[in-house]
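Take a look at this single chain, the form predicted on its own, given in structure tokens.
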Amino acid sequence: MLAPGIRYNYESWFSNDRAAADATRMRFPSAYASNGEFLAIKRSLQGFQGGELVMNLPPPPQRCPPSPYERACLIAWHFKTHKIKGHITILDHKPAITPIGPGYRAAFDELYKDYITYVPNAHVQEVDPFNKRIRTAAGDQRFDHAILMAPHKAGELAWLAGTVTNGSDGWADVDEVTMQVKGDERTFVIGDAIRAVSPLPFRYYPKSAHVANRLGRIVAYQISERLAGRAPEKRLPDNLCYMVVNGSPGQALNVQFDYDFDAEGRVRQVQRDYNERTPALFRDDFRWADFMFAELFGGIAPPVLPRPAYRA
């Protein structure tokens, strides 16, 4: 079983210009795949004295779709709390904020009106890390600092293992239910690296740690059933994400995804957005993380985290 994660597709921005790609990664990292990049962003924000900070979003599918908006909120909260004269421009490849559109829009407008500007349909056309400029379909933007998020593809191991095919659009080519690699039933790929699982509009499972955890359990179940000489039943994952939008008071949003099969046997997604930012969801975020860490590293399955009552 492989869990290759993602890699950055800087080639889509810079072709074979390694100097520009390396400068972008070193100076303006996105921190989607490296702990060192998280520390680099932390240091850069601690030393940020003010000015324009630009964040672009990768085009879908990307790792943790709501995370850039959460980052923007927390950075804006940092600016607001410490009275830093900074401003954040979010350049979104998509036509609108998704998921949790109303919840994030309310946070931007009500909490960070003077700190965040959201720009939709900002398809990246050119990035110049040396002159601190980014050109998009929605206009050009200069910046003092940036978090530049290149498009995502399956991680290097997926390519080395031969799981990425011409028809899988840069992702591991697996069966949408069993996670078995096409053409090699002995090999499974889980997590962010997998291709689209449905022809329905959502297409991809959210590329989140929760989904990866659930797919790992599903594959382990399948292997154990086959070793026991039994035919495994079809199982699908679920997904649960919390997004912190305010640090004091602590407030968070929530989105849930459930999956089943439609009448034609296609994987179907039901999405529920919890757009009201609340302290209860903030507390649940840490409970959920504790449960997931206990399951991953403690060797004991934690109790099921109760889901909040959905309100449209």
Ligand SMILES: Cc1cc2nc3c(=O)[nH]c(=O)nc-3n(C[C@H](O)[C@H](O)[C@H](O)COP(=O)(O)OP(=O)(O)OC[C@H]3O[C@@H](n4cnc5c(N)ncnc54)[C@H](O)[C@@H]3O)c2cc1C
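Bear in mind that the values here come from a model prediction, so they are computed numbers and not experimental data. For every residue, the number given is its place in the sequence shown, counted from 1.
Not pictured, yet referred to below: the form predicted in complex with the ligand.
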query	finding
Contact flag, Arg71 vs the ligand in the predicted bound form, heavy atom cut 4.5 Å	yes
Contact flag, Cys241 vs the ligand in the predicted bound form, heavy atom cut 4.5 Å	yes
Partner contact for Trp288 in the predicted bound form: the ligand, 4.5 angstroms, heavy atom	yes
Non-hydrogen atom contact Ser34 with the ligand in the predicted bound form at 4.5 angstroms	yes
Among the candidates Ala150, Ala107, Ile147, Ile190, the residue which, in the predicted bound form, approaches the ligand to within 4.5 Å (heavy atoms)	Ile190
In the predicted bound form, the one of Ala212, Ile90, Leu111, Val164 near the ligand [non-hydrogen atom within 4.5 angstroms]	Ala212
In the predicted bound form, segment of 246 to 254, 268 to 276, 44 to 52, 58 to 66 with a heavy atom within 4.5 Å of the ligand	58 to 66
Stretch 1 to 33: residues contacting the ligand in the predicted bound form, 4.5 Å heavy atom cut-off	Ala3, Pro4, Gly5, Ala31, Tyr32
